[in-house]
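Single chain ahead, written as structure tokens, the form predicted alone.
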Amino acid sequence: MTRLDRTNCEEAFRRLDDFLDRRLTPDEMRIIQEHLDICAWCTREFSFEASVLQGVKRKVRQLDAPTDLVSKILSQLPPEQEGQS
């Protein structure tokens, strides 16, 4: 992965889903986080996508579905981040 900077929002945006799902290497996670720390536009996109995932998680927890189905669905979602509800 190339070093991200303010001119490389497109690369950061392409990796946001993998970042949210924690499917990047630790170094890639750090690079994306560094970009989010300096780029307000990408941070807004990240926040929106993270809030959608959190909403899906909340809805899944409210389903009256077979336990094994809910467990399978939840296992495919990224872990909750501390400090988010």
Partner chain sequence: MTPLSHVQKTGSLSSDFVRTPPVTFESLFTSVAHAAYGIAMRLTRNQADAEDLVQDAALLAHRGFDSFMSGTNFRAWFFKILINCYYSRRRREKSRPVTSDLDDTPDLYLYARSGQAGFPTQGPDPASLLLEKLGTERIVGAINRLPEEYRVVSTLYFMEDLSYEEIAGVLECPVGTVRSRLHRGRKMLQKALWQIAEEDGIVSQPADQEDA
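Numbering follows the first chain given and starts at 1. Rigid core (definition): largest C-alpha set, two forms, superposition within 1.5 Å. Only a predicted model underlies this, so the values are computations on that prediction, with no experimental measurement involved.
There is another form of the same protein, the form predicted in complex with its partner chain; it is not shown, and what comes next is about it.
**Interface membership of I38, its partner chain in the predicted complex, 4.5 Å heavy atom rule** = Although its partner chain is absent here, I38 would stay clear of it in the predicted complex, with no heavy atoms inside 4.5 Å.
**Request:** Using a 4.5 Å heavy atom cut-off, state whether L53 contacts its partner chain in the predicted complex.
**Result:** It does: once its partner chain is placed as it appears in the predicted complex, L53 has a heavy atom within 4.5 Å of it.
**Request:** Using a 4.5 Å heavy atom cut-off, state whether E28 contacts its partner chain in the predicted complex.
**Result:** No.
**Message:** I'd like to know whether C9 contacts its partner chain in the predicted complex, with contact meaning heavy atoms within 4.5 angstroms.
**Reply:** Contact check for C9: no, nothing within 4.5 Å of its partner chain in the predicted complex.
**Asked** Listed by sequence position, which residues of 54-74 have a non-hydrogen atom within 4.5 angstroms of its partner chain in the predicted complex?
**Response** Result: G55, V56, K57, R58, K59, V60, R61, Q62, L63, D64, A65, P66, L69, V70, K72, I73, L74.
**Cα displacement of T25 between the shown form and the other one reaching 2 Å, rigid core superposed** = Moves: no, less than 2 Å.
**Message:** For K72, does the CA position differ by 2 Å or more between the shown form and the other one when the superposition is done on the rigid core?
**Reply:** K72: C-alpha displaced by 2 Å or more between the shown form and the other one.
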